[in-house]
Every structure is written in C-alpha cells, then in structure tokens.
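For reference, the chain that follows is the form predicted alone, supplied as structure tokens.
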C-alpha cells in the first residue's frame, strides 16, 4: 500500500469514527451545552461584530458603513492614548504579579512556623470582592484622610499630602499597585501548587552534586513550573486587558486621560450612545487576546 493510500485510509477511518453510534451519542449529550453557549456567547459576539460595522446609536438602528468606525478610532487621539495606557498598565501589572507571586510562593514552600496560617492570609486580597477592594484603595489614596498620606507624613517622607489618584504623575502607578495587590495571590497559590508537585528527589540529587539554591531554582524549580507560569500568565493577561473595575472605581480614567485604557474608552463611547463605535472599540481587544492566547498555547504544545 502506497503512502498516499495509507493517508487516505487513515482519514476515512477518522470520518467514519465520528459517525459511530458512540460518537453520535456523545454529540447528543453535549448538544444542550452547545445550544446554551451559542445563545449566551456566540450570538452576542456575532451581533456585536455586525453592530461595529454600522453607525447604530440608541435612537436608530443604523446603516452599514463598513470599516468607518475602525478608521475613526485610529484617528481618535484618545483611542491611541488608551492603547498606550493599556500596554503600560498590563505590562507593569503582569510583571508585578509574577515577581511578587513567585517570591511569595517560594517563601511559602519553605518550612515555616504556622505555614498554613500564612498561606491562608495570602489569599485575603483575592478573596475580597473587587468592588470592595478598589473602593478601599480609593480611601487609602485619599488626599486628606487617606492612610497612605498619613503614614508617609508621619515617617517624614513627604511634607504635604499627595493626590495619588488626582495627579497625572501618580495616577497610573497608583492603580497599577492596587491591581497587583488584588491579583498576586492567584499567582502565588498557583505557583505554590506547581512547586509542591516538583519531585523532592531532584532537589536532593542536585544538593548532593553541590548545586546551590540559585542553581536548584534555575535548573529544577523554574523548568518544573514553566507550564503553570505560561497558563497563569495567559489567563491573567486576558483578564487584565479586559480590566474595568480596577480603574473605573479609583480614577474613572482620569485625571484627564492619564488612566484611560481600552475598556474605559469603550464604556465612555457606550455612555455617549455611539453604539457602533463602542462595539468597534470593544472588539479591538479580541485580536490582541486571540494572538496572545495562540502564542502561549503554541509554546505550551512545544514544551
């Protein structure tokens, strides 16, 4: 049998395998879930894509205008600023979450007194609802009665209160810090679980061979948790790209446009009833998320 005939036979077996009674029964069992997912996810997405190609507003259905909404967005300085702010926000938040999460995971993986208590306390920021957490940080950053200003003045680092959320030089850094605080426990717990899954025998063998702590981390721990790092990085990045409440509850995109990111820009377009433009702005996040997810998944498959 030639190579082409073998390939054709293999393809035929796959096709006929999909039509076997067991396979058809499986399709029937997942059909309700597919219908629900199509209704709640596929239909809204398709409809949003269609709306993004129209000039729909709240008062009219709109006409098909092609790519004019997208072209108009690229000519909008606020949209360009939102893209830049989103890149800065996501980059620094992810770096902070990774660094803090990995460091705490390594610390909690050691033999500490009351280790279970410390592991539970690490989850507190993540267990607090985001709405509550960011309103608390808004109070902490308050110019007059905020705990941060009071503390900095008490220790003599500043002479006058700083408007952390009201000044352009401080606003983005402030929301980045509060977002890191809210999200790093997820990274820490995932990394801790991955570290505990690395065989202890590898560390013992490396120690016998004279490897120090840094070499053991670089050659055993880091490769051992690499798949978890990639998965957590992908999930957290997509979540951060679509982050809304963290900035909206603290600065609402201000002062001026200092903290406007793409979800905030899309929401502002929606509140001005430019539904077509708002849909185009919201969909601008989709290609970024898809490309990033594909790159991470390809890297996972390669590993």
Partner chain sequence: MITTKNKFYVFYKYLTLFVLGIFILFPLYWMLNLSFRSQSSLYTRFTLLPLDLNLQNYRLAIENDFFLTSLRNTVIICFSSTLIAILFSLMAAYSLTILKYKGRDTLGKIIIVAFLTPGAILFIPMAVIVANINLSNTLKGLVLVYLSFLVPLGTYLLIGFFKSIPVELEEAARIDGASRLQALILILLPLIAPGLVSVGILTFTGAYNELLYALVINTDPAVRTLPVTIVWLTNSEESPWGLMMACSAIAALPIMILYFAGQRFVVEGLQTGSVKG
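Under this definition, the rigid core comprises the largest set of C-alpha atoms superposing within 1.5 Å between the forms. Residue numbers count along the first chain shown, from 1. Please read these numbers as outputs of a predicted model, since none were measured by experiment.
Same protein, other form: the form predicted in complex with its partner chain, not shown, and the subject of what follows.
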**OP:** Verify the flagged residues 68, 87 and 252 against its partner chain in the predicted complex: is each one within 4.5 Å by a non-hydrogen atom?
**Re:** no
**OP:** Determine whether any heavy atom of residue 157 comes within 4.5 Å of a heavy atom of its partner chain in the predicted complex, and answer yes or no.
**Re:** no
Original post:
Does residue 144 make contact with its partner chain in the predicted complex, using a 4.5 Å heavy atom cut-off?
Top reply: yes
Original post:
Counting only non-hydrogen atoms and a 4.5 angstroms cut-off, does residue 116 reach its partner chain in the predicted complex?
Top reply: yes
Original post:
Counting only non-hydrogen atoms and a 4.5 angstroms cut-off, does residue 166 reach its partner chain in the predicted complex?
Top reply: no
Original post:
So which of 173, 136, 205, 198 gets a non-hydrogen atom within 4.5 Å of its partner chain in the predicted complex?
Top reply: 136
Original post:
Exactly one stretch in 69-77, 217-225, 136-144, 91-99 has heavy atoms within 4.5 Å of its partner chain in the predicted complex; which is it?
Top reply: 136-144
Original post:
Out of 117-131, which residues reach within 4.5 Å of its partner chain in the predicted complex, heavy atoms considered?
Top reply: 118, 119, 120, 121, 122, 123, 124, 125, 126, 127, 128, 129, 130, 131
**OP:** Indicate whether residue 35 shows a C-alpha shift of 2 Å or more between the shown form and the other one, with the rigid core used for the fit.
**Re:** yes
**OP:** Tell me, please, whether between the shown form and the other one the C-alpha of residue 285 is shifted by 2 Å or more, with the rigid core used for superposition.
**Re:** no
